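Below you'll find only one chain, the form predicted on its own, shown as structure tokens.
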């Protein structure tokens, strides 16, 4: 069923925005190979024999020879990210510019739409209505993966029935791993299907030597930073609240790091640093309480604590607890289900754990302990994003401050508030940067398909420079693979890029954070800007700016 919505004045005005195009993508550009950054691994060459020796390519101005007509499918996979619709817009326009006189269809609901052959024809009137808009609602999305040989065979069968010569998969690390595997199987089967991946995730953890960032990261960070700035303004106005803010970032802390540099919170926790230093939960609680005590004893009873949502998996003792819980709850699922009350369930689970995790589980607030045993994914694992980690830290810090008050160490007042910044940033209208970047990725995908460069990820580089100077091309997905042991066998995966603690972005935070904790240095970025001075509307993230100076 097609959803109809009333168009706001902002949407009507925004629809007229024309994304800036890199000079390298003007006209109908040609590609040329570039030296690969490093040899493909032996495992990758064995797993992807038809794709393992592909070189990276870049596009240069020119007029490529025309090719036969293309019929292309596109899939939006995983959580939404601002700019997805502009990828489709760029893909649509690129196919027209390439002179292939083809057509474009979108598979509804992500990979599941490919497996069920559920498509929407994407004509100009459809695509135009979604240009520069947020969300993935043009064709929807989903989290289905291609995992079995039957699924891969079905995908190729549907592609054949639809007469597809090209398929663009827009997604994160798992989705692009799927794109590589499907491209390999298509080549092995003699299928004409050319598969191209596009880097998408607001978490910013899909990166590499030729991938500087994923689209959506810029918009999400600016959206969250504006909200954090508003919270900061309230904090300095009321001067009596401590704000514990959980922010998206399951597997990496790039969002928390970028937003901290934009807003200067009193405290920010970085998951990768905690793992490196092997900090225990009580170490983090003591640090937060000490800062609150220092400020409170000087009459500053307010501040902010920024916490990435996936932090529990980086605290060694919490990671060990979750690992044992995942195993125990699967092994004893029937016995647990037979217990009627939560106290009995918690007590039963406690008895299934080894001494250290058992002791930690007993010390957790009841609500958090309940979430750990009740909120499970279909495989029985903890759903980290659903854990109220901000509430966990608040309660543990509150207990610590109570003890410090009894000892006469803490003389301030503690009035906490909690927030979770998540879905607010995933479907925001794309920033000018993300609108331009996503559109350029769509154009690049079209030219990769035109040239039959299957197994590539579309890349656009030099992103800290003006858009006209961006470099567009493709990098082989097989070269991004590492192999992890899963279910008793080695499987290819694209490694998530964690925060580099030796890199310029984290080092910038490190040089300022102590000052922020002792003196209020809040910044107020304001809402994401689309119109106005170039230095506000066209600026990219501090992450890209700092990394480009290396």
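As the structure is a computational prediction, the values presented were derived from the model and not from experiment. Residue numbers count along the first chain shown, from 1.
Another form exists, predicted in complex with another copy of the chain; not displayed. Remarks below refer to it.
- Residue contact with another copy of the chain in the predicted complex: residue 367 places a heavy atom within 4.5 Å of it.
- Another copy of the chain in the predicted complex is not approached by residue 103, whose heavy atoms all lie more than 4.5 angstroms from it.
- Under a 4.5 angstroms non-hydrogen atom cutoff, another copy of the chain in the predicted complex lacks residue 405 among its neighbouring residues.
- Residue contact with another copy of the chain in the predicted complex: residue 523 places a heavy atom within 4.5 Å of it.
- Partner contacts here mean any heavy atom within 4.5 Å of another copy of the chain in the predicted complex, and among 256-264, 434-442, 208-216, 468-476 they occur only in 256-264.
- With the partner removed from view, the residue among 417, 251, 112, 381 that has a non-hydrogen atom within 4.5 Å of another copy of the chain in the predicted complex turns out to be 417.
- With the partner omitted here, the residue from 238, 188, 338, 150 that has a non-hydrogen atom within 4.5 angstroms of another copy of the chain in the predicted complex is 238.
- Using a 4.5 angstroms heavy atom cutoff to another copy of the chain in the predicted complex, all of 234, 518 and 527 count as contacting.
- The partner is not shown here, but in the predicted complex the stretch 420-435 reaches within 4.5 angstroms of another copy of the chain through a heavy atom at 423, 424, 426, 427, 428, 429.
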